[in-house]
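Form predicted on its own, single chain, as C-alpha cells, below.
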C-alpha cells in the first residue's frame, strides 16, 4: 500500500527515526519507514528523507546506499545528521570524525529566512546528537544555516538535496516541525494523509485477502483490538471475535466489554476461565513466573477457542512492525510474540492466513480510525491496560481477596478522575496493592491491614513516563472513599516515580 508519491524515510539506525514518520503524518502527508536493504524497492516516492544513525561515515561498516539510484528518483532529498554527512561525501565533500559527541541544544542561525528556513526565528533552539561533522564542502554546496559558533549545520547541494545536522523531529528542536514542513513543500507530488482514504484502502485489502474465509480475532476491550474487530465487521467479512475473560480484569470490566461490543453491533464470544487462571497462579509470587503462566495459559485458552482457524487477524501497529523489522528483516519478525505462539503464527503466516490491518497505523491514528468507524469517545480514550491484567498490580501472590481490593480501589480512583474531568488528561491511572500490612486504627481499635498505591502517569509511547500532579482534592476524596469503603485497607499512598527508573506498572 501507498507506494506512489509518499515520503520514503530511509532508516540509518537513529533512535528518533520513527518520529520522522510520525511528524510527516502529523503535517498531513503519508510517510513510511524503509530499511537500507529495501532502498531500491521504495516505489515512486514524492520525497526522500535519510535519517540519522549511530555510525560514523568513516566506519568500515558504515551504512551506505546507491547514490545514482537516489538521483534517479528525481525528488527532493533531506539528509538528517548522518544523512547530511553521507550526502556531503556523495557530492565530493569530506566529513571530519571526532571523538567528541555534540549532544543537546544549539542555536540555529539561517543565512536567509527563505526556503527551508522561511518563518524560522533566528537563534531558534535545535537538538544535536552527533560526533562527526562536515569539513570541506563541494562546489555545488551552499550553507543554509550555522550554529552559534558559525559551524555549518545545514547545507543544500544542487537544487533539491538538503542536509541538516540537527534533529527536526524531536520536540527539543522548537521549530523543527516548521522546517520539516518547509522541506516537504518543495516536493511536487506527495500524498496527503487522510484517515478515511487509508481506511477504505485497508478495508479493500481485508476483503481481497479474506474472501469467504472465516477471520478470527481476539478482543480485550482495549483500543487496538476493538478497532480491529469493528474494522473487520465493517469490511463485511465472516468474523469471529473472541474475548478471553481470565479473571484478572477490573471491576465489572467483562460486562463493560460485552456491552460495548453490543452497542457497536459487533458479536463477540466470551471464554470465561477465571478459575483456571487463578488456580494456575496460586502461591506464585515471582513476577516473571506470573507473566509466563498468564501468557502461556492465555495462548492455550485462545487457541482452544479458535479451533481450526481459516485466518487470524492481529492488532499489530506500525511501531511494532518497525521495531521487529529493525531487529530482523524477515516477515516473521513482525509478529507480536508476547501475544501468540511463534510457531503457530508463523505457520499460519506462511500459508497467507494472518491479517494485520492496523500495521500502517500509529496509536493516535488508530483512535482516529476508530472515530471514523463511529466508535464512541469513551471506548477510544480508554486507558491502556496490561495483558496480564491486575496480576501486575498485585505484587506477590495473586488471590481473589487481593484482586477484589485492587478492583474496588481502582474503581473508586477512576471514578473520581472522571467525576473531576481528569480521566482524559492522564495517559494511564490505576490502583495497586502493596503487599505490606501496616498498623492503623479503625473504630477505636488497632488494625493491621494492606496499603494501596495510586498511580497516574502521562506518556507518549510508554517508553518514558512522568507522574501526574493531580489536584489534592481528587487524592483526598479518593483516599477517603477507599479507607472507608474497601475492606482490608488502612493506608493509601500516591506513587510519584518517573519511568525510568520505575516502570509504569508495579510488575
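So that the term is clear: the rigid core is the largest set of C-alpha atoms that superpose within 1.5 Å between two forms. Everything numeric here is computed off the predicted structure, so don't read it as measured data. Positions refer to the first chain, counted from 1.
There is another form of the same protein, the form predicted together with ligand XMP; it is not shown, and what comes next is about it.
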Practice task
Spot the stretch among 299-307, 231-239, 380-388, 162-170 with residues whose non-hydrogen atoms come within 4.5 Å of ligand XMP in the predicted bound form.
Solution key: 380-388
Handout entry: in the predicted bound form, the residue from 428, 225, 125, 372 that sits within 4.5 Å of ligand XMP by heavy atoms
Key = 428
Completion exercise
Heavy atom within 4.5 Å of ligand XMP in the predicted bound form, from candidates 363, 291, 353, 109, belongs to 291
Problem - is_contact(residue 499, ligand XMP) in the predicted bound form, heavy atom dist at most 4.5 Å - result: yes
Exercise for the section: Answer for residue 62 alone: is it within 4.5 Å of ligand XMP in the predicted bound form, judged on heavy atom distances? Expected result: no
Exercise for the section: Verify the contact flag for residue 504: yes if a non-hydrogen atom of it lies within 4.5 Å of a non-hydrogen atom of ligand XMP in the predicted bound form, no if not. Expected result: yes
Problem - Partner contact for residue 462 in the predicted bound form: ligand XMP, 4.5 angstroms, heavy atom - result: yes
Practice task
Compare the position of the CA of residue 497 between this form and the one not shown after a rigid core fit and state whether the shift reaches 2 Å.
Solution key: yes
